[in-house]
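One chain is shown next in structure tokens, namely the form predicted on its own.
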């Protein structure tokens, strides 16, 4: 029997045969397009002709042009706001379904949560544009009740309308993982905390919330990652103040006929999102570790807040002074690398605590 036949008859060979269709499928649909985008970002385009000479000119322009930096920062701000609003509003819903709904009714409640998915995402965005319009139900109702004298101008065609629309669209994605995490909590732990004299509020803060944090983190990732690259919502309800990086990528590829620059912005957006998430997860672990090390309570929370504010001030100072000292492009690269190195160091050195992060 040949070596190939022996390998394929072994346990490893059988396992490889089992997963090979899925592996090929993933490579064709995920890896190949991603590699193509990365290669395209190092090329240039002259009208309809792609110049395949290797160059980093696209990255130099993307990192030094203030317009691209502003759009990326705006995308991160909007996505961060959407994530915060969505998770904060989703947690009470998931908590109510998990702890206050009868077991035989939970499936019905989860079914009702998924009803928005029955309609097209595009239709839902259009409906929000109608709802938030100057003559829409919100402004008309507020004017009819005498609460305002003229229509509100800050709820449509700006970043606020994008946050509202995306928070509604991604609410089910946040509710479901939090609900699953809450369902896994052993109810006897809550009873033990109450028997030891803890109040309902302290039981929630010391038992329920730490055990639910993996679901909260999953909800954050599920909401934050796709909203950074959302194109439809900023295009329809964002206006000039709600334009995000995905809209610029579209404009570069289809309007300006510069596919390499569009690919460059897409690659940079993926890298920045990955670094921001790495920074957020690592700092959250570090801050929660500080809370526990300081003994919890007001002292621990104060230590975590102090560390967070100190790092934010340092990063702000570096982002303000770095471009003048090193140049815009080099400063951005250096700061991102330093932040990433610090995140990796924290994840390697700081152990997971009782919060599961």
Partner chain sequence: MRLTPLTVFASLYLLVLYAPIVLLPLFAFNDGTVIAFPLQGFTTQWFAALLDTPALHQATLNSLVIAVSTSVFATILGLFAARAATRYSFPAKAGVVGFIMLPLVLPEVIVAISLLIVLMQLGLDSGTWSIIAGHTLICTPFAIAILQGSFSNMDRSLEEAAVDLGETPWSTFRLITLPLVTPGIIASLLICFTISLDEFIIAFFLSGNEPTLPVYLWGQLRFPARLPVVMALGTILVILSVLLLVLAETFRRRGLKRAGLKDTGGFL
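Positions refer to the first chain, counted from 1. Keep in mind the model is a prediction, meaning the values are calculated, not measured.
If you look for the form predicted together with the partner chain, you will not find it shown, but the lines that follow are about it.
- Only one of 225-233, 146-154, 278-286, 76-84 lies within 4.5 Å of the partner chain in the predicted bound form by heavy atoms, and it is 225-233.
- Put simply, of 196, 274, 108, 201 only one has a heavy atom within 4.5 Å of the partner chain in the predicted bound form, and it is 108.
- Proximity to the partner chain in the predicted bound form, defined as a heavy atom within 4.5 Å, singles out one entry of 37, 294, 308, 330, which is 37.
- At a distance threshold of 4.5 angstroms between non-hydrogen atoms, residue 240 is out of contact with the partner chain in the predicted bound form.
- In the predicted bound form, at least one heavy atom of residue 52 sits within 4.5 Å of the partner chain.
- Interface membership of residue 298, defined by any non-hydrogen atom within 4.5 Å of the partner chain in the predicted bound form, is ruled out.
- Of the heavy atoms in residue 206, none are within 4.5 Å of the partner chain in the predicted bound form.
- Along 81-95, a non-hydrogen atom within 4.5 Å of the partner chain in the predicted bound form is carried by 89, 90, 92, 93, 95, in order along the sequence.
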